[in-house]
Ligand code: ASP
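Below sits a lone chain in structure tokens, taken as the form predicted alone.
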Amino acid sequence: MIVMKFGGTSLANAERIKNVANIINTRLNKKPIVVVSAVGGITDKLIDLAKEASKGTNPNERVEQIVDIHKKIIKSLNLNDEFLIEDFVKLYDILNGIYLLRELSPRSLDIVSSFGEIFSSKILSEYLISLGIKSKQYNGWDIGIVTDNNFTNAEILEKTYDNIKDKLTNVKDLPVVTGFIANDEEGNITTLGRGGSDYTASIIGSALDVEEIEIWTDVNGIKTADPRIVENARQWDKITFNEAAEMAFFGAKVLHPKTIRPAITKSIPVRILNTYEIENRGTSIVNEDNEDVLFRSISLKKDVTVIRICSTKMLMAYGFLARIFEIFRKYKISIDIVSTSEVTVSLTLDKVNNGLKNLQSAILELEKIAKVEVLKERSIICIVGKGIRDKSGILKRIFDVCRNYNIELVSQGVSPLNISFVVKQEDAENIIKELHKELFEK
């Protein structure tokens, strides 16, 4: 048994869905369970639409646009759209309720967000049936995925694994399951946050102890660098879970670290594959890898802000760092890298995960106890490799390449797998190209 997860780009239109069906057909002997994301771009459209409706913009015209996207796909697949009419009406009703109340709670946002996966999973299942493949569509809660009530970023409860085992162990028709969405214990719809569909696939794979989890996307596995930056980046056949997590955390777009957590527990391989190049074997992410390779990849995280906090009160004092981090906790701001000296703390913040208003409030509070400097438009470059922390000469090679650039913060030694440093965003891609030549091409 395997799990096959298909992302939004793989389901972008009727032709892509036909291609997905062909891929599934080649795996029928492995008893696949299919997990799908929403059609590419739909979840973002739904979220934007809900927010606009809460501010007084009538949603009907834009809902019609979303409905038309799916109707066009259905028509191109020679299907009748009756199986989605009820869901289309529900979406209209929910968004008009938000519009009339001028109110959008996290709970309501999760309800709206859920429709993308519901639409795509039903379309794929109906198309498989039209090809003679017996299939059944399931929402996440139908197979027993239960979460806490942390709407928009819910965490699964342990009972989920037994629930999935009970629901899917002996199914006869090929299951097509919505990624990203679930229910809390009171039956409210919840979503699993960034990388949620990959996470769903990993949860199902772990619950059923499958042979492999296939993540079908639009890239050929994991490479030594982003091929959009480094044209001759090398593709890996295999990397470890820990290496993949470091890469993903520091900017690699292949998967999210949370995605692979359930698979790690069961040592289930996760293979990254490309729906556009199905002959490519992709990259397998495994628990352990005995390949003797020093460097694995160079990752890039853009839109980073550096905060420098300087105060002589830190000198020989205890509890000062705790005060700083308590301020960031108070305003729900996540921190990536931290570096300290006798009187200064430097740290990086990911723009994607931190609201501007919250950051401004945090800075105002920090300025009551220290001098604060904010450096924007920075990037983190992360070099991932096996045991590079303990290898002599590595930093020299890196800094020799970067001698013409200003490195503003360095993190080494915390993880045996990575060395990270911060540079100006305008320099980042050139540095990566030069580092790739030094570390991978020589």
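Quick note: we count residues from 1 along the sequence shown, nothing fancier. It should be emphasised that the depicted structure is a prediction, and the values quoted were computed from it without experimental measurement.
Another form, the form predicted in complex with the named molecule, is not on view; read the next lines as being about it.
Colleague: Is residue 38 a contact residue for the named molecule in the predicted complex, using a 4.5 Å heavy atom cut-off?
Modeller: Within the cut-off, so yes.
Colleague: Does residue 180 reach the named molecule in the predicted complex if we count a contact as any heavy atom within 4.5 Å?
Modeller: Judged by the heavy-atom cut-off of 4.5 Å, residue 180 is in contact with the named molecule in the predicted complex.
Colleague: With a 4.5 Å heavy atom cut-off, would you call residue 190 a contact of the named molecule in the predicted complex?
Modeller: Flag for residue 190 set to no.
Colleague: Considering only heavy atoms, tell me if residue 202 and the named molecule come within 4.5 Å of each other in the predicted complex.
Modeller: So residue 202 does not count as contacting the named molecule.
Colleague: Here the chain is shown alone; which of 97, 269, 195, 106 has a heavy atom within 4.5 Å of the named molecule in the predicted complex?
Modeller: So the residue touching the named molecule in the predicted complex, by this definition, is 195.
Colleague: Mind telling me which stretch in 372 to 380, 396 to 404, 38 to 46, 60 to 68 gets its heavy atoms within 4.5 Å of the named molecule in the predicted complex?
Modeller: Among the candidates, contact is made by 38 to 46.
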